[in-house]
Each structure stands twice: as structure tokens, then as C-alpha cells.
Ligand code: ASP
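Take a look at this single chain, the form predicted alone, given in C-alpha cells.
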């Protein structure tokens, strides 16, 4: 598959443990790029600390995404974009490659760390995905507190909604979805993804991020993947599963490139993907102008970019 649509990619070879995070594919203004890269670096470092201490890939990706959710630069948790009603609705999912267990929440009312609630869905329920008020009720029953919406809505999110509504359009977020993939020293992989979705989306719209196989996927036999970009397109091609499966015959970077090129060719959709393969190698690609990212591996190497 030709990958003319791919605008950038990156790879790192096999590692005992490794983690790679993204801060969303899109078109971040030049003056904000350093903020987004720095946020990804902090998240990757937090996840790497879990792995360095012998922790699991699952715990590492959750911790990394929590850091990104707490950073108002990104469209996840605090700082998430607003729907057409001016409200926050959050989507998140997490998956364990060793067991194929997964958990997700979608169209969730404001809670500080939706990825932690997704993890609880995986660990404490018999389900994979909970939505709307049912997800909120489950979260509260599990001890999570609803957040005051005003504590999570930023001035930038309000400005973006006003701009989108002035043009009567639904727009993607320039900072985008956040996500993390990792491989731990035990050979297990995991992925996690969190988002506020699209600016001025219809209330109740759900994108790829909470959907296993579309926005998040992990399998120890292949790879862990987190995606970002046009959610509807990613759902239609099951991008995260497609990219993970592609590592059976290709490296992580090539798998990301080929999968994004296929999505663009079939749907016109754009975005990015990050992968942690079963051997700890890492790869990413994007078809957008920017996608902030950062990686840490057990050999001490650190890399980041946009």
C-alpha cells in the first residue's frame, strides 16, 4: 500500500521495556508545540518510572494517560473540547495484551481521569464498555467523584467551540486525543487512549478512542496500538487492530505507516498511530501536520517530537 499520505514517522528497535505516548494528531499552532511535546515527555517519564520499578505495561499506560488527562494542553480530561451543547463528554479505553481484557467509557460526564474509570470497568465489572449516565453511575459507585465542569473547561476550549459554531461546523481538535502504548519486562503489552472527541460534536457522539480495535488495541502476540485523528474513519477500518496485526509481518513503524495510508486511501481520514510491538520495538506515523509524542526505553534513550 502506498504511503504518500504519511507526513512523518519514527522507530526504535527492540527493548526489554519501552513506552511511547502521543498527544494527538492535528495542526497545533507553532507556539504551542513545545508545550505539547513537554507534556508528552512528562507522561512518558511517569509511565517509564512504573516500568523501571518492575511494574506492568497496563499500569504504565494508565499512569501516562492520567498525566496527559491532567494537562490542560490536551483534549482529554481537563481541557477536553466541548460538544454542541457546550458540555464535556469524555471517551477512554484501556487494554491488556496478555489477557485481551479491556475496559472503556464513552459519552462520560466530567470526571478528572476517565482512563482510571475505564480501568475499573475492566477490573471490576463483567463488561467492556459503559456509556453516558450508566458509566457515570458506575464511576460514582466505584468511588470516583464527579468533577465540577468549570474546573475542567478551559478558556481555549470555549474559544474553539465559539469558532466552530460561528462557522457552523464540527471540527477536530488541534491537540487531539492522548494515548500510550508500552511493553514491560515480562513481555506484556498494553494500550490506553483518552479524548474529549471533536469540537462542536453532537451530544452523545462517540469516536474511536473507547472502542477496542478502533482507537485502542493490545495483544502480546502482535503489538499495542493507540490511535488519534478522524474517529469515524478509524472505526470504519478498525485501525488499532489493523495496525497491531500488521506487525506480524512488518516492523512497528511500517505497520503504522501502511495502516494510516490504507485508511486515507479508503476513507480520506487522517490521523496518527503509535505502536509497541511484542519485542519492545516502537513505531509511530502520522498523516497530519503535527502529532506530539515522547518515548522512553530501558536502554536509557529518550526521544520526543511533533
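Numbering follows the first chain given and starts at 1. Since this is a predicted model, take the numbers as computed values, not measurements.
The form predicted together with the named molecule exists for this protein as well; it is not shown, and the discussion that follows is about that form.
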The single option of 198, 161, 73, 152 touching the named molecule in the predicted complex, heavy atom within 4.5 Å: 198
Contact residue in the predicted complex, chosen from 103, 77, 97, 231 - any heavy atom within 4.5 Å of the named molecule: 231
4.5 angstroms heavy atom contact with the named molecule in the predicted complex for residue 93: no
Heavy atom of residue 209 within 4.5 Å of the named molecule in the predicted complex: yes
Contact test in the predicted complex: residue 177 vs the named molecule, heavy atoms, 4.5 Å: yes
Non-hydrogen atom contact residue 127 with the named molecule in the predicted complex at 4.5 angstroms: no
Per-stretch contact check against the named molecule in the predicted complex, the hit in 104-112, 131-139, 190-198, 152-160 (non-hydrogen atom, 4.5 angstroms): 190-198
